[in-house]
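The chain below stands alone, shown as structure tokens; this is the form predicted alone.
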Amino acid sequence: MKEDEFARLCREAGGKAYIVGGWVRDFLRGAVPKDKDYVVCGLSEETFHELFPSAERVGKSFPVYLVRIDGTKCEVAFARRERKAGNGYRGFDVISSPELTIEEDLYRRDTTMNAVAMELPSKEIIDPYKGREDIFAHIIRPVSEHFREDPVRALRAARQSAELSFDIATETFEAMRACGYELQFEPAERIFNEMVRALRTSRPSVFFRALRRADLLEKVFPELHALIGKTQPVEFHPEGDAFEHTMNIVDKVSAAVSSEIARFSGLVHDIGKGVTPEEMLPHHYGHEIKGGDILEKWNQRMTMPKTWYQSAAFVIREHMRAGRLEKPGKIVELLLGVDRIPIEPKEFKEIIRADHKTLPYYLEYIEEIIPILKSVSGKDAPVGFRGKKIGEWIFSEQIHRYMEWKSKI
């Protein structure tokens, strides 16, 4: 079914169909729009069923259906109003009725840029809350008091600031700050998912800095907040405290690699500095060990994918020594360790480059060296070698081949 046919059927039955949300926002700002979401007004569920008998209901607390439009399964929601009745994003009484207008539906949305609709089939823009003005001005502004009723909207505003390079209005920061208490009731996966999406942007630091300004960083990412004020030796870190250094690193890594896992590993490489005693500052002896314990506690609070945990734990443990090794055996051990973690050798290399500003030759050529080390096989061990002796021979041969490679550069 074509979109115009979908709109026509709704209209002939006495209803109206609209495109809403991010697609309209991106269309207006000249970006390539992605998935379309639709809202219908003026129709009962019974009438909708008659019009679209193959539609699949997916909404539990209010009517949302999947309808195949232009070859894609699209969400079609019925216009609704919400009343806060409890904590978190589930704490709502939802009212959906054919009498509700698109203006009423848009009023409950988070920000003005997301509260613009396109009526079909005319493509007339419905903009009761001046969303177009804010889109063109690159400003994120709440539609109404409803913003603070779903606390994760605070994280979403920070994330969209990073995604779209939009400024957050003063009143939005105030609304974000008011979400602090209710964030403690939110499922950890909702918070983690917003961080993941922020890490996909070109400058994830925008997300974390916005949360800091809204007094939310300590509530959702206390491991990062603890870095604020932790001074560092100026000769190595002219950028400032450990938080500033971390923001600098996550942006540098994001400029070099696209992997969210690698970007997260760069983000947390120095979290051990957050527990350095004041009397030890500006030095952070042993922070690579303490960082592993902090990551474990973070994982207990907000379970992360195993691949994220494994990569981050390795980077935290090895980032200090990775660029300073001299003994061939230690270098080979490190390179083989890099090969075993989920992130790519190139991605590990870029994290170390961002942190150390330079790279030793064995990391600069890591993609070339690792295949040489892995080419050593126990099948080639001397006759009669068994068990532990084979492992020792393999490692010795790997060191030998590494030294051969080094002699040629």
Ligand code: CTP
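Predicted model, so just to flag it, every value in this text is computed and none were measured. The numbering used is simple: start at 1 and walk along the sequence shown.
Separately, the form predicted in complex with cytidine-5'-triphosphate exists; it is not shown, and the next lines address it.
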Practice task
Find the only residue in Lys230, His319, Arg159, His284 having a heavy atom within 4.5 Å of cytidine-5'-triphosphate in the predicted complex.
Solution key: Arg159
Practice task
Answer with one of Lys357, Lys60, Lys374, Lys34: the residue that has a non-hydrogen atom within 4.5 Å of cytidine-5'-triphosphate in the predicted complex.
Solution key: Lys34
Handout entry: Stretch in contact in the predicted complex with cytidine-5'-triphosphate, which is absent here, among 394-402, 20-28, 381-389, 7-15 (heavy atoms within 4.5 Å)
Key = 20-28
Exercise for the section: May I ask whether Glu223, Arg263 and Lys273 each come within 4.5 Å of cytidine-5'-triphosphate in the predicted complex, counting any non-hydrogen atom? Expected result: no
Exercise for the section: Would you check, heavy atoms only and a 4.5 Å threshold, whether Glu163 touches cytidine-5'-triphosphate in the predicted complex? Expected result: yes
Exercise for the section: May I ask you to state whether Asp150 is within 4.5 Å of cytidine-5'-triphosphate in the predicted complex, using heavy atom distances? Expected result: yes
Exercise for the section: Tell me, yes or no, whether Asn114 is in contact with cytidine-5'-triphosphate in the predicted complex, where a contact means a heavy atom of each within 4.5 Å. Expected result: yes
Practice task
Evaluate Arg213 for contact with cytidine-5'-triphosphate in the predicted complex, applying a 4.5 angstroms cut-off between non-hydrogen atoms, and reply yes or no.
Solution key: no
Fill in the blank from the handout: Applying a 4.5 angstroms cut-off on non-hydrogen atoms, the residues of 109-128 near cytidine-5'-triphosphate in the predicted complex are Arg109, Asp110, Asn114
